[in-house]
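One chain comes next, on its own, written out as structure tokens in the form predicted alone.
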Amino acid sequence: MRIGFIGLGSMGLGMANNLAQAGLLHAVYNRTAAKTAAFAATAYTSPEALAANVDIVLLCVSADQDVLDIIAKIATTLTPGSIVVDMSTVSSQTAILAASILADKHAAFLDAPVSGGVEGAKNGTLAMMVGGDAAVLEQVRPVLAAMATRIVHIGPTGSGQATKAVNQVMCAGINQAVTEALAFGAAQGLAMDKVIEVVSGGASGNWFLQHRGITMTNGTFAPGFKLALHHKDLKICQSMAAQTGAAIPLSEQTLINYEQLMAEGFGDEDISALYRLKRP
């Protein structure tokens, strides 16, 4: 099977590198063509050209419209029997629409958003939540395993994205809790490196505290997960919650906080920049 990758952003670049190291990457496309130079794979100048020359298209872009634009383009050149795996974070409705467009071309579609941040993408340790045909997933599982250590079939098309929404709501709550707690500790005059070390090993320890605690308390907010992208994701969650009547007050507050930070020019920083609003 020939495999092509579209979207070499902060997440896609790491994932494509792992595919290349596993000898599974045959073609790449990125809007900024310079990023393709690092790969021995064939670099195409359009998504359509890439899709015409591979069996599996892997996609990782930023927003719903980006996904739909790419799907519309590659649908014109995909060969019947091709498989498209979208690892972007978008709405369930977008996933369902993409699957419908490709079904008309006799191509399969999986929505397979990931969690694990830039570190997970770089190290090939992502968690992947997959919606779509389970049999199609089994066809591509060996390919996805080069990028993710946990690959779970959730259910029908759109359920992968719905699960990612659960993840993003949880991330908002964790961000609120960790930034608030560390700001509280700093206000007590504690040695925060020691606080983070001991708390990380207890009942309240978590990935975000372990990986972002020291950097945020030192005033460093280099992106692992850009604040503006989490804001985009939480807007999707907000819309989903409104449709079902679910309450997500921590996410609603996080949206307000992110909008303030974005207005101050911090949208490209890591989500741990929320600490800016709380630190003493």
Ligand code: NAP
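Start at 1 and count along the sequence shown; that's the residue number. Computed from a prediction, not measured in an experiment: that's the story for all the values here.
If you look for the form predicted in complex with the named molecule, you will not find it shown, but the lines that follow are about it.
- Judged by heavy atoms within 4.5 Å of the named molecule in the predicted bound form, the contact stretch among the candidates 83-91, 143-151, 101-109, 177-185 is 83-91.
- Of the listed positions (M216, C60, V28, V57), a single one reaches within 4.5 angstroms of the named molecule by any non-hydrogen atom in the predicted bound form, namely C60.
- Although the partner is absent here, F225 sits close enough that one of its heavy atoms falls within 4.5 Å of the named molecule in the predicted bound form.
- In the predicted bound form, G131 stays away from the named molecule, with no heavy atom inside 4.5 Å.
- At the 4.5 Å threshold, heavy atoms of T32 reach the named molecule in the predicted bound form.
- Remark: G4 does not count among the residues lining the named molecule in the predicted bound form, judged by a heavy atom distance of 4.5 Å or less.
- Residues from 1-27 that approach the named molecule in the predicted bound form with a non-hydrogen atom closer than or equal to 4.5 Å are G7, L8, G9, S10, M11, G12, in the order they occur in the chain.
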